[in-house]
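What follows is a single chain, given as structure tokens, in the form predicted on its own.
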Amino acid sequence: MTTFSPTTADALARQAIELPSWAFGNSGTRFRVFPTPGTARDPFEKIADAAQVHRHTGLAPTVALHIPWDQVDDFGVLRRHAEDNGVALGTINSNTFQDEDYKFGALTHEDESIRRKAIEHHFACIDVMHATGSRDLKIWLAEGSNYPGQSDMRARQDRLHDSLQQIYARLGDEQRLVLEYKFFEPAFYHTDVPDWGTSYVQVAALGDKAMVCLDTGHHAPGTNIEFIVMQLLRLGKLGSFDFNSRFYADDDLIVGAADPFQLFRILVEVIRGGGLNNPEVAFMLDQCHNIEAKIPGQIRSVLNVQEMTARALLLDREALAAAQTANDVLAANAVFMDAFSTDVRPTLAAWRESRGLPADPMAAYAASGYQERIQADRVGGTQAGWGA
């Protein structure tokens, strides 16, 4: 069985992956949102469910919120509720993609009154951050056009910069703006922030407190995501990850489900670039569990990230560097593949037990009785889901 060096064990012990509150609500396809027994009915129940992931894995100490989906009367009360459950509130995600006003854009809209509404929404999100103690404001924009000639793409970039500048100016000293990108959907001809370069250009113009968010499901097929990771780390502008898996579009599936080797390659570059356990680089999940159970789905995801992190930490970098220097293509690839092929699951199980965690978190959760309790207790009311 593989053994972890003290350095590797320490790196794994410090790993933290933020969970999305919306993963604990109902979701589905374009055709239907599927309800499931025991689904959370409000942000308090979402946080209680997220805390189960941390309790069984030790990997998920914070929970991201989505505004207005997670709107409550008193965020100080929600913050204390999270702390009572052994977790903290993390990234605040804005929402400018559901109001009728935003049909043709929000921060890029030609109508100044609609742009002002979108900017004010982000000001309100910053107020939430003050109440929750959150550092990051994450912005994803569902903005663009469907047809050539529909919009002035350059003017939209100018308006986006102006809007972001106003939001950035409102941030507190310790707060950050993190701009996500997505190459298509829901706009199909052009998206206002379609790639890491556009996000980088926009945040670089704002200042040191503006960073790029990389969602692993937001790229065209065949994109070398680990190259983007390397470049953003090299430039000091990788602020966060949204980890998930995709087969065709933005599928938001369990991370590592579609291509475990890609996840490994990404984590190799994260470690190489100093991004692992770096407080400036947040690890987050962004997933929707449509047909699988929500809490086990999140447990599986954080465990997959942990497993590929462990394999990436086992990479013999000295041997790899020597092979690269010698231009020994096959030797370099063999070193890389040896690390990826190492089965670290038994070692991780023993390591978890040594830290007072379940060797098998999935089995431990199934045996805990929590799922049966919430299915019995949460009868009635309106379940949380997309848009709530």
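All residue numbers are counted from 1 along the displayed sequence. Worth saying up front: this structure is predicted, and the values here are computed from it rather than measured.
The next section is about a form of this same protein that is not shown, the form predicted in complex with a further copy of the same chain.
Look at the stretches 115 to 123, 79 to 87, 176 to 184, 129 to 137 and give the one with heavy atoms within 4.5 Å of a further copy of the same chain in the model of the complex.
-> Contact-bearing stretch, as computed: 176 to 184.
Is Gly297 close enough to touch a further copy of the same chain in the model of the complex, meaning at least one heavy atom pair within 4.5 Å?
-> The answer is yes: Gly297 has a heavy atom within 4.5 Å of a further copy of the same chain.
Any non-hydrogen atom of Ala258 within 4.5 angstroms of a further copy of the same chain in the model of the complex = Close contact exists here: in the model of the complex, Ala258 approaches a further copy of the same chain to within 4.5 Å, heavy atoms only.
Is Thr216 close enough to a further copy of the same chain in the model of the complex to count, meaning some heavy atom within 4.5 Å?
-> No, Thr216 stays farther than 4.5 Å from a further copy of the same chain in the model of the complex.
Any of the heavy atoms of Pro279 lying within 4.5 Å of a further copy of the same chain in the model of the complex?
-> Because no heavy atom of Pro279 falls inside 4.5 Å of a further copy of the same chain in the model of the complex, the answer is no.
Please pick, from Asn93, Ser240, Ser163, Ser151, the one residue with any non-hydrogen atom lying within 4.5 angstroms of a further copy of the same chain in the model of the complex.
-> The residue in contact is Ser151.
What are the residues of 230 to 245, in order along the chain, with a heavy atom within 4.5 Å of a further copy of the same chain in the model of the complex?
-> Those in contact are Met230, Gln231, Leu233, Arg234, Leu235.
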